[in-house]
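Okay, so here's just one chain, in structure tokens, the form predicted alone.
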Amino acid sequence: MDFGFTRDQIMLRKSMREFVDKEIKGEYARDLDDDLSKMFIDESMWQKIKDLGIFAASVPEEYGGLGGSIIDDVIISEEFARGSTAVAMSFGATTGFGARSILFGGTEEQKRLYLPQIAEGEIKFAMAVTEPAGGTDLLGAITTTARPEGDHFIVSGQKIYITNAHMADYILTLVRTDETTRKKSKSLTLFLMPVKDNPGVKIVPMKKFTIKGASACEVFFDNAKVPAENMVGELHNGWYVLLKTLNHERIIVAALTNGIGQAALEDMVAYAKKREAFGRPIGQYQSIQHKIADTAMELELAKLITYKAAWLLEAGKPCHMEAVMAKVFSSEMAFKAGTRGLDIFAGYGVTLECDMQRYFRDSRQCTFSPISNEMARNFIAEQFGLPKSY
């Protein structure tokens, strides 16, 4: 059993941390959160991330990438989220829903077309699964349909809460293509829906108070055309292609919230050392020390389950339960870290110039997205032979 990182992974974390501390943490992250007209990182930041070369991390060398593993994805996500969850999500939507999904289920032609562009940071991706009538109930709630017409499919329906859809060039979209089969898992298909110059696609960003620098959007498909060659996997088999992407997404959300927890812990410690009350630093008081110690312990445990899940997925081993466990534990750890941080910072903590209130808000979104922690617990229980609760 090896808990160490490779030399390249250590260097990756070091370079990421230096970049985040210089370019993101502090003023940039606060401005991105304050300005609701943005809902995405600006082109200048996108270019800086391109210059880092890390869009190539998720892409194999034969497609112009660096051949990085899912462990690398976790490291990058943790470090980005330590500065700004919104930046992490702006970056991760393309590498996760784009590069990883195409690697998991795409054709060789799709890999050769899209992966080099992703490696260069030239195209952006989103994923559209959730619908107004249901989020976790993917198999039963999908009403968006696609019907064949010549060399295209015609898509009609609506998706909601779709991260960064308004900036995407392509949206990985789950649709129902067979309404006759009783086996719902064999009725769904995945497509890479082109967004630009597609009159059948309308995207409306929604305002929210969590992770404000990465949008949630409504997406409307009104007889939208998608080329048949943009199908990811086989017809009616999209659910099974999607499963690996969902596991990757849950692991990355765990990594994001671990980054939030790390940032909260660092800020708590720094403030406890400098803030004085009754003639001494508040870090000398037992109640403050316990909040910091509890956060440190929970953060360490969250990282362990997250990296285990990532290792399993990278190795091609079953990881459905571990990915869900990581998402649940890490998101709740981060929310508790933000709560404890507000207790320590008190009045200063709720001012917008203090980052702790942002950690608190951003972590809260992750307790129910991309799967609610309640439903995640049901899924974990089912793995031990208990009956479905729905």
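Note that residue numbering begins at 1 and tracks the sequence as displayed. No experiment lies behind these values; they were computed from the predicted model shown.
In what follows, reference is made to the form predicted in complex with a small molecule, a form of this protein that is not presented.
A heavy atom within 4.5 Å of the small molecule in the predicted complex is found for one listed residue only; from Val129, Val74, Met193, Ile102, this is Val129. Checked against the small molecule in the predicted complex, the residues Asn247, Thr295, Thr95, Thr163 give one hit for a heavy atom within 4.5 Å, which is Thr163.
For the small molecule in the predicted complex, the listed stretch (307 to 315, 230 to 238, 131 to 139, 175 to 183) containing residues with heavy atoms inside 4.5 Å is 131 to 139.
Taking non-hydrogen atoms only, Leu299 never approaches the small molecule to within 4.5 angstroms in the predicted complex. The small molecule in the predicted complex is approached by Lys208, whose closest heavy atom lies within 4.5 angstroms of it. Residue contact check for Ala381: none of its heavy atoms lie within 4.5 Å of the small molecule in the predicted complex. Not displayed here, the small molecule is kept clear of Val155 by more than 4.5 Å at the level of heavy atoms in the predicted complex. Taken together, the three residues Gln365, Pro370 and Tyr390 all come within 4.5 Å of the small molecule in the predicted complex, as judged by their closest heavy atom.
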